[in-house]
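Below sits a lone chain in structure tokens, taken as the form predicted alone.
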Amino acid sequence: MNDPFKIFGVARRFDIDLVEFAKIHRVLSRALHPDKYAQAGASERRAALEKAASVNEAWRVLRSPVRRAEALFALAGVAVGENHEPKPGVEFLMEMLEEREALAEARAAKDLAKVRALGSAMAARLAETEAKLASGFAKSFAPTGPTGPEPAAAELAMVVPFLGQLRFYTRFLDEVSLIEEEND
């Protein structure tokens, strides 16, 4: 896996300033724009195109909290994904089921105020989970010397369940956005 943080020339962190990263992306994209290499040789054009593709993929990873967390885990050698993460607890799953049912009912009733209220509550839960991930990654990737951060496996293992929660919250909020678009 390419290191999206290295491509952007920044430290590995979960809590990033997306505005700053957007600026870095624009600068890198301009520098690698195909028009700048129109007179270059074929190999140089191809190399610039590959670098531009890497920059764009790194930007897609970094701007998504889920993909950013997955990248940090992967860079630390921690396998994540459906087959590697602990299953969410029954209580959490029941809670999410109830929230989804409430959302489906609000959607069916075309109660946009209720949809938005459910979305706001879920956005707050998402923000809490992102803060927990940021804290866990900060502890895990804390600088340990001149060679930089060395992830602490024990800290990372405690953070993995938050990634699953983040996925649930993100999907819920995506559905809220879809309902809002349908009703605007």
Partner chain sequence: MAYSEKVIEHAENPRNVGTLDKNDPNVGTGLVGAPACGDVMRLQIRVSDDGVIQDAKFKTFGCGSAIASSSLATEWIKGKKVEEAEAIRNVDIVNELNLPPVKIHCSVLAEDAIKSAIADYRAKQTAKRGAAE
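Residue numbers count along the first chain shown, from 1. Please read these numbers as outputs of a predicted model, since none were measured by experiment.
Form predicted in complex with its partner chain: not shown, discussed below.
Contact between L97 and its partner chain in the model of the complex is found at the 4.5 Å heavy atom cutoff. When contacts are judged by a 4.5 Å heavy atom cut-off, D111 does not count as touching its partner chain in the model of the complex. Taking the partner from elsewhere, R13 is found to have every heavy atom lying beyond 4.5 Å of its partner chain in the model of the complex. Mapping the unseen interface onto this chain, A79 falls outside it, with no heavy atom inside 4.5 Å of its partner chain in the model of the complex. Taking a 4.5 Å heavy atom cutoff to its partner chain in the model of the complex, the contacting residues in 85-106 are E85, P86, K87, P88, V90, L93, M94, M96, L97, R100, E101, A104.
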